[in-house]
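Let's start with one chain on its own, the form predicted on its own, as structure tokens.
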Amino acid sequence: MKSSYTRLPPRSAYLHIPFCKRRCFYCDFPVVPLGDSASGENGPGSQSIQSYLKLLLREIDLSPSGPALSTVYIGGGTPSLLSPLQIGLLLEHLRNKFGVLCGAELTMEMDPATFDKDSLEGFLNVGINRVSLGGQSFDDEMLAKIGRAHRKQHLIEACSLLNEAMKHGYLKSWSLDLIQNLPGQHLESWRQQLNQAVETCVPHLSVYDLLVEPGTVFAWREGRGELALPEERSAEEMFLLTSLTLRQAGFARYEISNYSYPGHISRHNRVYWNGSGWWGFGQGATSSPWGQRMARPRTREAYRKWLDIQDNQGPDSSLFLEKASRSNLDELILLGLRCREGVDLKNLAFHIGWDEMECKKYLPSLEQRWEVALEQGWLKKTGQRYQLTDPYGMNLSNQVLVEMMIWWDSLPPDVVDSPKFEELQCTFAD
């Protein structure tokens, strides 16, 4: 049996806005700090922003054509440092290049204290219909400790503005980001954070574990023994508390880090998790058209030079996929297991080009490796689909994924790096 997937271009786009007021102590994203008084059109840093937007618009214009977009995500950085006019210009370029479907999800990341009622109305008027709010914490001391520019009152006011906009039908949905296992955090303080988040009436919550990335302020402090992170047992208790508290509040956990009320799932983020392709535009942005992943240069000058090469070669240039890495079965399993619906191993194997014989030969050994996880209750099997259990399986997902990676590394090179994938592309529905 051969795969029935067909090769189609992406229907989603990510735009990276690299500007922030300041770099948070945990952040390793390609961002450009402009200072606490930065703004998009006339304030400090405005010329840098305008210069960058010209490059971003140029990349959109140079890209290969594709079908109309069903999701757009403007992330960063802090896109809300831009003006509504500048955000509108970006969306207009996407409409002219690809088209945007009626009912498309158009998301923009926003930070508290970077917008007010008037600017929010401006963003909504140019087409934004979903907001991802970077709150991270409701505790002023913690916000200062992690390098955030806003404070608790800014966050509460921002939540109120977004709720009011959604109440009147101007905004379809919004999400709040929180980080757990921050320095000095303990179970009771985290319980207070969760309760305050629920009290905002936010319809979607993204709760991320702190990762100490190389090159960050936190990594430097950890190296000096100055980063007091929660002990492993305390971190596990906070993880379980998150699942229990949000479930009791009516949230459904549809991905390891994401919880929502019915009708408020992030359609754009599901594109990443289900193996679909997407366009990525901007400095440091990652794209994955047709399953081939490539990151743009992380610095402004390198990004500019990269665009010059694309300009010389034209929109159909293979340079848009230069040094791209292909999505393989291990990555599809890793991403799929993060989601509530889990994975159908055979279906994913067909996706990368395996035939029936290869599935029968290689998949049973992975299923054998997962027997302990099934016995422990970390993993469950429904029909042909494997799913992490909530909360214990999702809490211990690394135990399951390590077994998968050992299995993947044991496969013959010609199976792992099958050229048949080049002729295939997944077209999962949103």
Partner chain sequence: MTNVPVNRLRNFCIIAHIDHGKSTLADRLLQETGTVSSRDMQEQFLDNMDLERERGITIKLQAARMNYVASDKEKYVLNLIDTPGHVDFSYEVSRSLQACEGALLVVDASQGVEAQTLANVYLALENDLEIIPVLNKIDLPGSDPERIKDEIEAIIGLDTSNAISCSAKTGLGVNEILQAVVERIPPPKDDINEQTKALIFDSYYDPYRGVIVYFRVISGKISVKDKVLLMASKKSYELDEIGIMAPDQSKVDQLHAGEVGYLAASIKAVADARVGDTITLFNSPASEPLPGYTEAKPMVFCGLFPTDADRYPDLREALEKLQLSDAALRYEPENSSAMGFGFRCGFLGLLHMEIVQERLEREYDLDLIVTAPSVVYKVNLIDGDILMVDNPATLPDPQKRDSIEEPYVRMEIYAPHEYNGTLMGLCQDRRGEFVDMKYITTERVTLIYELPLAEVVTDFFDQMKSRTKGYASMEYHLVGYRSNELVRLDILINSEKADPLTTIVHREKAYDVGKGLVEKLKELIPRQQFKIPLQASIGSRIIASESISAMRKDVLAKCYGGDISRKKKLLQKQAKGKKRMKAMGKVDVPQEAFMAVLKLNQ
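Because the structure is a prediction, the values reported are computed rather than measured. Positions refer to the first chain, counted from 1.
FYI, the form predicted in complex with the partner chain isn't displayed, but the following is about it.
Here the chain stands alone, but in the model of the complex its contact with the partner chain, taken as any heavy atom within 4.5 Å, falls in 391-399 among 391-399, 31-39, 360-368, 51-59. N181 belongs to the set of residues with a heavy atom inside 4.5 Å of the partner chain in the model of the complex. Under a 4.5 angstroms non-hydrogen atom cutoff, the partner chain in the model of the complex lacks R224 among its neighbouring residues. The partner chain is not shown here, but in the model of the complex it comes within 4.5 Å of a heavy atom of D409.
At the 4.5 Å threshold, heavy atoms of E232 reach the partner chain in the model of the complex. Proximity of E236, L334 and Q376 to the partner chain in the model of the complex is complete: all three residues have a non-hydrogen atom within 4.5 angstroms. With the partner omitted from this view, the residue of F115, W174, W278, F218 that lies near the partner chain in the model of the complex is W278 [heavy atom within 4.5 Å]. Listed residues L194, I256, A349, V126 were compared with the partner chain in the model of the complex; I256 is the one with a heavy atom within 4.5 Å. Residues S206, V207, Y208, D209, L211, E213 are the members of 198-228 with a non-hydrogen atom no more than 4.5 angstroms from the partner chain in the model of the complex.
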